[in-house]
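Quick heads-up: it's one chain on its own, the form predicted alone, in structure tokens.
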């Protein structure tokens, strides 16, 4: 569908005629970010609520459920993670419903850096090497470590075979207005994603939006991360009280839309944390379709960061197929 660019998106296109000018120094970056229009909170929340009322029926619902499954980053990020748990998660991601081989595979398995090699081996041995392995890095989830430590964390994960790196920004630096420090850190992590063969792991940049205080900050950090080279922008770590919400995700989708209109660069979006039901997932798909259109309705450009969501999607999928609601005892526990 055609993408409608608001007036400020066109203004941004002119201001981004030279990327180097926008990011030349802290002053230029600050002027650009604070030159973005303020967010109409009431309008944003009303729009998100309206999109959340859209109804998806029968055949379209079956398609949307399968699409949602294919967009999941199936995740285990606990201190008690074991190799056995990671292998079991890989088996579930490869074959989500053992009673129905038509169920799609998930997009990725997301683990800590020290579990990357285990996940890669399990997916390869399980006949699903096409499933990506994503790894949180940069001292996840707090991000409180020196830059050399964060870069070593990233390089170790990439060397172990990570296809994607989910980094966390320094929220303290951002909230204190040190935008260039955040920009340079994202750039440095992006460079650390490079492999010897010239390819690179994709970089997802986590904002922890529940700690950013205002919608204006979410808009600013979205543009900052995209200017620094993020392949995806991601709401949350899933480790704080407030994670992904529809208004925040809609705001990030709009930022991606406007960035694409201004630069021609396509960036993905990943809401994470708190998305547990099929109903929730379908609301997010509606937002993607209405804001960005069909080009983003693929696992290449939209992901769900989730652990429990898959179970509910499978139960709803079984109900559509059999007419019976099987209940949680008929799906594996993560």
Partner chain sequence: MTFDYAPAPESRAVVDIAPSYGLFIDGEFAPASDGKVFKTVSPSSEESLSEVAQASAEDVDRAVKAARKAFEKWSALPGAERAKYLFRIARIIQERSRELAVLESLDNGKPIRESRDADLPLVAAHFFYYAGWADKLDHAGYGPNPRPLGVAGQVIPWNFPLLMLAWKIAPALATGNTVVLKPAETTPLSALFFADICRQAGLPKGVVNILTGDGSTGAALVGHPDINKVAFTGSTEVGKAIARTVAGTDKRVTLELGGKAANIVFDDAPIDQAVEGIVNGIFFNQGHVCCAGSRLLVQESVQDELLEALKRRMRTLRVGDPLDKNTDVGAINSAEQLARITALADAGEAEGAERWAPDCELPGSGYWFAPTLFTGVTQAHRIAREEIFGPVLSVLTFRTPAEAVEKANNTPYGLSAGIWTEKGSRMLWMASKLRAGVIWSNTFNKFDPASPFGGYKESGFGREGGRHGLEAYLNV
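Bear in mind the structure is a predicted one, so any value in this text is a computation, not a measurement. Residue numbers count along the first chain shown, from 1.
A second form of this protein, the form predicted together with the partner chain, is not displayed here; the remarks below concern that form.
Taking the partner from elsewhere, residue 276 is found to have every heavy atom lying beyond 4.5 Å of the partner chain in the predicted bound form. Proximity of residue 27 to the partner chain in the predicted bound form falls outside the 4.5 Å heavy atom cutoff. Remark: residue 265 does not count among the residues lining the partner chain in the predicted bound form, judged by a heavy atom distance of 4.5 Å or less. With a 4.5 Å cutoff on heavy atoms, residue 286 counts as touching the partner chain in the predicted bound form. Comparing 251-259, 146-154, 163-171, 205-213 against the partner chain in the predicted bound form, the single stretch with non-hydrogen atoms within 4.5 angstroms of it is 251-259. Looking at 37-72, the residues that come within 4.5 Å of the partner chain in the predicted bound form, counting any heavy atom, are 37, 38, 39, 40, 43, 44, 47, 50, 53, 54, 55, 56, 57, 58, 59, 60, 63, 64.
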